[in-house]
Every structure is written in structure tokens, then in C-alpha cells.
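Here we start with a single chain on its own, the form predicted on its own, put down as C-alpha cells.
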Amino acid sequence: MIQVELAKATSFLESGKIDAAYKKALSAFEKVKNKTGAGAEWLGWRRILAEPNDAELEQIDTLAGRFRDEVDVFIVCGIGGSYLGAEALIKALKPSFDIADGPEIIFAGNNLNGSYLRDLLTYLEQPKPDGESKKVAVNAISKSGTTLETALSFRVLRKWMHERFPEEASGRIICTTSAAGGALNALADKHGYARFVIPGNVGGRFSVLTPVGLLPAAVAGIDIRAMFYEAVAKYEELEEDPESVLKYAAVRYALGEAGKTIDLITSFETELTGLSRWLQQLLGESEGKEGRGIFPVVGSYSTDLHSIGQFVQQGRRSMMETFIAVKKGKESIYVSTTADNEDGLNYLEGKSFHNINRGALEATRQAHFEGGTPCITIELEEKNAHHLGEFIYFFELFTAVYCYMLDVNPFNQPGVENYKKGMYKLLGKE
């Protein structure tokens, strides 16, 4: 269950402003539901939950199980929505230092840094502690197959795979791409690579519940069925009662109209930094158009309290803050007492790190609120596949509703194409 706490934001707003924004949110939700808003042809992320594809989930699970048994390193080659969702799930749900349970998941193709790719190849060449060579698989993710960062890295990795595993490479490379056309489909046809389809009506940043996010998550050992069907349940729930989304969208919209131009998305749960980065892209690429929107940035607390905390507390009052919290902790470290109390920490005796972290969250939120920063808290019951599934759909729906309130198309990204055109021109592409 997701809880949305708005009290520390609504107190900065007049009730009439919130009521007016709520009416806009309700109208925006009807546009989503009735497919009457701009870009409605890109609402496939709702259809996949309304009509679950059990056969595809089974296919993903089967292939993922084989890779979990057979490979040491699984490389996810993609950028933006083609990797952020998978990274978010894996960072949130797998142990931070997980070296024994299944293959190591490495992300590539999300930058143009040649030294990173060189270092990756060097690492892949290094034998395991037992002297055996690493067994590697690569999942290339791109609708067009020509996105420069991903395509360049995949070209290098593909060449290495075929040289390193000449008899096995074709069985260890998977292309997740559009149903037809594009460079990855051509390569899959030529070399016999396995293939998964990104639905044509699902954009990259809304694709985490398709094979784009589900295959890497399954290889990492995440229960993708539990996650997917919790998202289905959330879809059905919000179709009947969208109140939590509408109230949240109304308050965020009203804050934007009141001059808040930055949304600092943060969490005291280190494992959720990836989820914040996924949310940053989902919001930023959807709402930042036509001079509208609130700029999403990511912070990681309590670490970043020691760098940007002063600004949040007393800097220019142009920001709001969104805390992503977790109610129940799973760790088991408790503070013990020492006879001499040399570090002065005996006052924490018996407390768990989760409770201490929770206290830091509550104190920070209250201080920032009193300092003039509107604070919204989104709380998951606990970190597991079920609650991540509902979180994903909740924010996908929220994003669509909020963008329609701004009168912008949630699903295009015309500004992204501008830098690509300039880059290709400078690099000599015809």
C-alpha cells in the first residue's frame, strides 16, 4: 500500500487553489482513461496491465532462469528508459554486495565514455577466482537500435562476444526492440539472437513493466510475477478510486503555479536512489515542455544533507521536496552499549539502524517544512517486489495526469531530438 502524505505541502497553499487544481486533475484523469489527451496512442503501459500476457512472463522467466544458471555476468546495454527501470528494481531489491546469488548485473551503453567500456572489457577478460573464464550474456535494449550510446557499446560488446564465445555468442545475446524494423531486428535475424518485443505503443520511460525491465530483473532473481501482478492490482484499484493520484497531482500543480520550480526527490533509503533516478526521467522528460513543469532532481539522504542540506533549509525558496520512504525495515543491526561510552553513543542502545534512519527522516522533513520548503512524502509499506510494482504504476499514472494538467503531451520528447541532431551533424552523419 502506498501512502501519500500532503499536509506539509498543503499548508503553503490556499484551499481554493487546491480545489481548482483538483478539478483540473479529475479532468486530466478522464483524458487518460478515455484516451482523449495528446499522445493517447502511447497509452500501451495501461493496456499491458489491463490485458496481462502470461505467456510472455513465462518466456521471460524461463530464459532468465537459464541465464541465472549458466552465466557469471549479464550486461544490460541501454540508455534512459531502456535501463533506468531495471537498475532501479535491482538496486532496490537485491543486496548491496550480492556476489553469490546469480550473475552479476552490469549496465553499459548509457554513456559515450570509452574508458568505461575499455575497463568493462578488461574486467570481462579477467578470470574468476577459480581460474575459469567468465561466462557472459548481453541484453541490448533499443527500439530503433541506432541510439548512439547504446549502438556503439553494443557494437563493441557484440564483437567481443563473438570472438570470445564463437560457438555460443548467438545464444547469449538478446535483443529487446520494436516488433519489426530497426537495426537490432536486422542483427537478430542475421545472427539468430533471441528477441523480446517492446510494445509499439509504450515509450521508453514507461517501459519498465515490459521485457525492457522484466528480463534484467528476472535474471537478477526478482519475482517479476509478484511485481507485475501487484501493478495490475494497482491499475484496477486506481481505475475505480484515483483519489490518491488526483490529490497529489493537484497539490504538486498548485505548488508549481505558486512558483516552485524544483522538485528535490530524495530518500533516506540508499537502495532507492535508483528508483529516484527512474522517477527523475519519468517526470523530467514528460513534463519539461513549452516552458512548463517542475525540474526534478535527485538527492540521497542523509549523505546529501551534508552538501545541499544548508541550501534546502535556507536557500532560495524555489523548491519543493518529495521524500520516498519505507515503513518497515528488514535489516537487523542494533546499537549495543559499551562500558566506557567513548563515542558517546550509548543513548542509542537497543535502537535499530532503521529506526535511527527513520528518526533522521522525520527530523529533516520537519526542519525543511519549518524552513519554508513544502514537503510531500510517498511511503511504501516495505521494499519488496509487490510494493515496487504498485509504485511503478502509481507514478506512471500520476505523470500522465499531471502533464495533462499542464496542457503538454506526456509521451513525446521533442527537445531530446535537438541535441541529437547537432551531435550527429558534428560527427559527420548524413
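Small disclaimer: the values here were computed from a predicted structure and weren't measured. In this text, residue numbers run from 1 along the sequence as written.
Just so you know, the form predicted in complex with a small molecule exists too; it's not on screen, but the next bit is about it.
With the small molecule left out of view, which of Ile79, Val326, Ile90, Val71 would have a heavy atom within 4.5 Å of it in the predicted bound form?
Partner contact (heavy atom, 4.5 Å) among the options: Ile79.
Considering Thr210, Thr266, Ser153, Ser142, which brings a non-hydrogen atom within 4.5 Å of the small molecule in the predicted bound form?
None of the others qualify; the residue that does is Ser142.
Even though the partner isn't displayed, in the predicted bound form is Gln281 close enough to the small molecule, meaning a heavy atom within 4.5 Å?
Yes, Gln281 sits close enough to the small molecule in the predicted bound form that at least one of its heavy atoms falls within 4.5 Å.
With the partner left out of view, is Arg205 within 4.5 angstroms of the small molecule in the predicted bound form by any non-hydrogen atom?
Residue-level check for Arg205: yes, a contact with the small molecule.
Though only this chain appears here, would Thr147 touch the small molecule in the predicted bound form if you measure heavy atom gaps against 4.5 Å?
Yes - in the predicted bound form, heavy atoms of Thr147 and the small molecule come within 4.5 Å of each other.
Mark Glu230 yes when one of its heavy atoms lies within 4.5 Å of a heavy atom of the small molecule in the predicted bound form, and no otherwise.
No - in the predicted bound form, heavy atoms of Glu230 and the small molecule never come within 4.5 Å of each other.
Looking at heavy atoms inside 4.5 Å, which stretch does the small molecule contact in the predicted bound form, given the options 81 to 89, 338 to 346, 160 to 168, 288 to 296?
The contacting stretch here is 81 to 89.
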